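Heads up, the chain below is alone and in the form predicted alone; it's given as structure tokens.
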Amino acid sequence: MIEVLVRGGTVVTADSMELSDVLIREGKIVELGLELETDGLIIDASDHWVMPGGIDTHTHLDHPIERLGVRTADDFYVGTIAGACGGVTTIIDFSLQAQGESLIKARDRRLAEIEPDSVIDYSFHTIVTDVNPESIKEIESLVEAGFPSFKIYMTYGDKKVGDGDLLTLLEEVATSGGLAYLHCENDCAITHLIERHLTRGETGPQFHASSRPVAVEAEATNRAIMLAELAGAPICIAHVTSEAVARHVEEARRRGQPVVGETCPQYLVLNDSVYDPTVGFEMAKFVCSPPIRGIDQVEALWSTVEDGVLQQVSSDHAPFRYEGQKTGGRGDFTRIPNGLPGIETRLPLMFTYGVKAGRISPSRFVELTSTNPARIFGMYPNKGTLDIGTDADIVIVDPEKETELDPACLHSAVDYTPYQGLIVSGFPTVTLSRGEVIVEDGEPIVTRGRGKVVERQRIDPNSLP
């Protein structure tokens, strides 16, 4: 591998922002400073920002929804290409345990699916759906093997884990040095509200949102936090959409409980006007769980991001095509696949609506999108920062360059973007993964399958941001 010098850029980390060159050798950063030299490749980063590659810890690539007979539209090649073009150099996706299946078998099956295709580095959260003595025993083995995080759904059909099993899981995760990653919604309330809507003949996409109000998210989050406190388990609350949920996270952290919270760009940029019935069934493009909230919640959520109440921003990239997938829910909103595409637009949206809007500093941007995700999920300091000895995962951004969002300029296999027509900054001109240029001038130049499994450590609750 040739030596690479990124010259003349403004290096932005979670702690600092200063003019510096970055010298890379054998995929690692070996020197930082001014007027560095090399006989290898020189990348001119003058008037650009040089930042750690984005870490997206919430993606659903090639993910099956068996109840509907569909899979997300992006496989691990297309999805990681899209990620790289959006400045993402590492993802954590999911291995889904089938009922009766070994957790380790689910992990191995998923590794076999991603290894030939991913162009960036990767790991998995294990989705635990069948809590039994054998699967409980496997948790420690997965942690020791470098897969220390476990996704738990408190709703969603056969993925749902009830309170008793949840408490058992939390205790084992705590004992084993893992982290529980929780989707918090009250399943009983959602079921009740869905049945009420359908009984009244209210079947359009807008009723998805009213079947999952803030209260069902807030109640389940509070319950999860209380159970985690009983178990002594560190937890991450996924896709926080509302102030009420964020305040539960804040209160737990004030008590000294190891709890972190995540939100996503869709909850910071969009609002519930996307569910306007006058647009017809196309509002199905915005069906996701939890749903998009009102503008009052959007503004309040930004405050929690600014104030440090929430610790990371992920995409929850769940790319379903509108035609042929979302449209399968005509006449019954419960059959609309839930999720929005976002792996490629996460960094530009946060850069535009966060940094350029003056809501967050450049260093806070890096913290939310790279450094904190690495800290939370056991990858820091090898990933998530730019320092001597770390992986040379780097994005180079022209902070003044603007792009109008449209499916034609994006790389996902989805036929729409929820952010159609928005003007954003923050797309990388160059993306490097372990010192290799994988995106240049916004387009991929990369070998399929070059990504590697990330070595992740046990989770120390005291090291959570």
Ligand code: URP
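All residue numbers refer to positions in the sequence shown, first residue = 1. Since we're looking at a predicted model, the values are computed, not measured.
The same protein also has a form predicted together with this ligand, omitted here; what follows describes it.
Segment assignment from 380 to 388, 304 to 312, 287 to 295, 351 to 359: heavy atom within 4.5 Å of this ligand in the predicted complex: After filtering at 4.5 Å, what remains is 287 to 295.
In the predicted complex, the residue from 239, 364, 321, 110 that sits within 4.5 Å of this ligand by heavy atoms: Of the listed residues, the single hit is 239.
Listed residue (121, 74, 316, 217) with a non-hydrogen atom within 4.5 angstroms of this ligand in the predicted complex: For this set of options, the contacting one is 316.
Contact test in the predicted complex: residue 261 vs this ligand, heavy atoms, 4.5 Å: Taking the distances in the predicted complex, the answer for residue 261 is no, it never comes within 4.5 Å of this ligand.
4.5 angstroms heavy atom contact with this ligand in the predicted complex for residue 204: The answer is no: residue 204 has no heavy atom within 4.5 Å of this ligand.
Contact of residue 275 with this ligand in the predicted complex (heavy atom, 4.5 Å): No, residue 275 stays farther than 4.5 Å from this ligand in the predicted complex.
Partner contact for residue 125 in the predicted complex: this ligand, 4.5 angstroms, heavy atom: Residue 125: no contact with this ligand in the predicted complex.
Stretch 136 to 157 - residues with a heavy atom within 4.5 Å of this ligand in the predicted complex: 151, 153, 156 sit within 4.5 Å of the partner.
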